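Coming up is one lone chain in structure tokens, specifically the form predicted alone.
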């Protein structure tokens, strides 16, 4: 079975770990979000790609869900001692090595897809991990800062409207102000990375894990050609809701959903993707009352447990997604 998965960070990575357990012999291609990418300290940082790579390769900080296990922060401390920022983004010493290697290879002329493949040679994630594009794409968020934000995450005062990098909005500001617009800068001019469209065309099933529908999966779909390829693939496309009981399972997806005019409910997210893209949608059992609404939108829907409490729970979710895909295929 050939499975294509669109993945963001923690939710996507943990779902993938369950999917691998559920179907260990499957040929899995992961199209990773690069809209979260950011340049820090002269280095190219790819948070979502690295979270997938570290999680599946056994190097992730399990408690955080991101960054390296058994991490130290001596370089970060030394940079701060020199007065070099930003201090709000925590890169650890082990993590720095990944970004140094990536940046060296990019500067030598290798595309991000080739660099990602080389990094995965070390981690052996058991999937083919491809960035959505080799072109530079960065998600920015339009906000109004109520006042002189001094870099400590607080915001109160002047009413300055500005666009900030998604990482600054998410990590430094902690989504403390409303997101007024989400803009994947560079996406309109970008092309899918080599292998992306080919993997979609060859897939037997396409899955949307419980990743952020706006800044993770939504950003991948913003790359010209990817949404169209999925819609035209002629195979079941099944998603799992990242919203349970009208709230994000983790993170602050409700903040960015509001920016695109979508209510924070499992049904609304399914409608946001649309029946032209989705064939099936899984909601949590607490949202069983929304199944009828989703099916009225032309998307087959089932209510199953969607809390990834451990790898076994994630594997059961993956099995449910694949079962729904087969149900759609046989319809």
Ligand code: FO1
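Because the structure is predicted, anything quoted here is derived from the model rather than measured. Residue numbers count along the first chain shown, from 1.
This protein has a second form, the form predicted together with this ligand, left out of what is shown; the following refers to that one.
Peer 1: Any chance all of 10, 91 and 95 sit within 4.5 Å of this ligand in the predicted complex, going by non-hydrogen atoms?
Peer 2: Each of the three qualifies.
Peer 1: Does the 4.5 Å heavy atom contact test between residue 122 and this ligand in the predicted complex come out positive?
Peer 2: No, residue 122 stays farther than 4.5 Å from this ligand in the predicted complex.
Peer 1: Do residue 66 and this ligand share at least one heavy atom pair within 4.5 Å in the predicted complex?
Peer 2: Result yes; residue 66 sits at the interface with this ligand in the predicted complex.
Peer 1: Does residue 47 make contact with this ligand in the predicted complex, using a 4.5 Å heavy atom cut-off?
Peer 2: Result yes; residue 47 sits at the interface with this ligand in the predicted complex.
Peer 1: Quick one: is residue 229 in contact with this ligand in the predicted complex, heavy atoms, 4.5 Å cut-off?
Peer 2: Heavy-atom contact with this ligand at 4.5 Å: absent for residue 229.
Peer 1: Would you mind picking out the stretch of 171-179, 128-136, 233-241, 254-262 that comes within 4.5 angstroms of this ligand in the predicted complex, counting non-hydrogen atoms?
Peer 2: Comparing against this ligand in the predicted complex, the contact stretch is 171-179.
Peer 1: Taking this ligand as it sits in the predicted complex, which residues of 305-321 have a non-hydrogen atom within 4.5 Å of it? Please list them.
Peer 2: Nothing in the stretch sits within 4.5 Å of the partner.
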